[in-house]
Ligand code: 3PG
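What follows is a single chain, given as structure tokens, in the form predicted alone.
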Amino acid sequence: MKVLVATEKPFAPAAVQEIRKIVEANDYELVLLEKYTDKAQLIEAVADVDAMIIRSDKATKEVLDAAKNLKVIVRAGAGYDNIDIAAATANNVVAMNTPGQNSNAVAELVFGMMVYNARSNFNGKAGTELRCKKLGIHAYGNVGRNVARIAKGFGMDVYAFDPFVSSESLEKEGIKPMKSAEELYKTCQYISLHIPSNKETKESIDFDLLSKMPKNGVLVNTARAEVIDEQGVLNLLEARKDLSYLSDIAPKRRAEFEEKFASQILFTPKKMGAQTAEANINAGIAAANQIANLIKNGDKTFQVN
């Protein structure tokens, strides 16, 4: 049995070493495709493999159709919109993600960006503190829970809205539940955004919703670019000079944002949320273990299709 690790942006060497240990301990063969530059290389590599681990690599219909022996594909990370789920299902391929493995890394980045913004980008001028500020968590999954944990350490008042999490569960964790996204944005100066990208959420973070935020509101996006209505945010930053937009996913119109609103924005050079040594290793190990557990025990715990 062959396990392909296809990573245009490779895992850290320590992560590859741990993946190899797991794969070879189960008497599988490990195949590496790292830093490839053309989709044709990926299509060629998948031709005879039984399992596949990817990071942000695109598992398109063309790729999945070419993988005639493929039984399982694992996205080492939480988001899996880079896998064509319909094509995976049509080819009888189990698609999985590795939720929770990079959650702390993303949550820490949220606070790195918030502190940088609150302290006036460390430009020598007086800033503000996070203590006693209201933080709203939009979607209370693995990352949201870690954000809440860290926020309590900062002494922030923590609120959350997630239609799939009960008010009772939130209250047990010391979180103030909100009945709607509108109520969350109206209440909290800081919003940490963690919603997935799907038909319901696409461009749902728009002018109307963000305009409800209190004075000096700050939106932090470590989720997906697709959930943001870029024109709406541009219009809002023009209308509300007190608002800030911090994002780990640079918008398509980045140049326009930077030209017009440099003092109100912060974008990382590339998506940095999971870019820690620990998250890199954890996600790779989880992916390898999930493949082994599926093949040996039929465990489909993290299946997403």
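In this text, the rigid core denotes the largest set of C-alpha atoms whose superposition between the two forms falls within 1.5 Å. Numbering starts at 1 and follows the sequence shown. Keep in mind that what you see is a predicted model, and the values were worked out from it rather than measured.
Not on display, but discussed next: the form predicted in complex with the named molecule.
Inset, instruction - Please name which of the stretches 235-243, 258-266, 66-74, 271-279 has residues with heavy atoms lying within 4.5 Å of the named molecule in the predicted bound form. - result: Among the listed stretches, the partner-contacting one is 271-279.
Legend entry - Contact label in the predicted bound form: residue 9 to the named molecule, heavy atom within 4.5 Å: Yes, residue 9 sits close enough to the named molecule in the predicted bound form that at least one of its heavy atoms falls within 4.5 Å.
Inset, instruction - Report whether the minimum heavy atom distance between residue 113 and the named molecule in the predicted bound form is within 4.5 Å. - result: Although the named molecule is absent here, residue 113 would stay clear of it in the predicted bound form, with no heavy atoms inside 4.5 Å.
Legend entry - Partner proximity in the predicted bound form: residue 192 to the named molecule, non-hydrogen atom cutoff 4.5 Å: The answer is no: residue 192 has no heavy atom within 4.5 Å of the named molecule.
Legend entry - Heavy atom of residue 145 within 4.5 Å of the named molecule in the predicted bound form: So residue 145 does not count as contacting the named molecule.
Inset, instruction - Tell me, out of 119, 186, 152, 224, which residue has a non-hydrogen atom within 4.5 angstroms of the named molecule in the predicted bound form. - result: None of the others qualify; the residue that does is 224.
Legend entry - Contact assignment for the named molecule in the predicted bound form, among 228, 78, 219, 158, heavy atom within 4.5 Å: Residue within 4.5 Å of the partner: 78.
Inset, instruction - For the stretch 38-58, return the residues whose heavy atoms include at least one within 4.5 Å of the named molecule in the predicted bound form, in the order they occur. - result: In sequence order, 55, 56 come within 4.5 Å of the partner.
Legend entry - Core-aligned C-alpha movement of residue 36 between this form and the one not shown, 2 Å or more: Yes, shifts by 2 Å or more.
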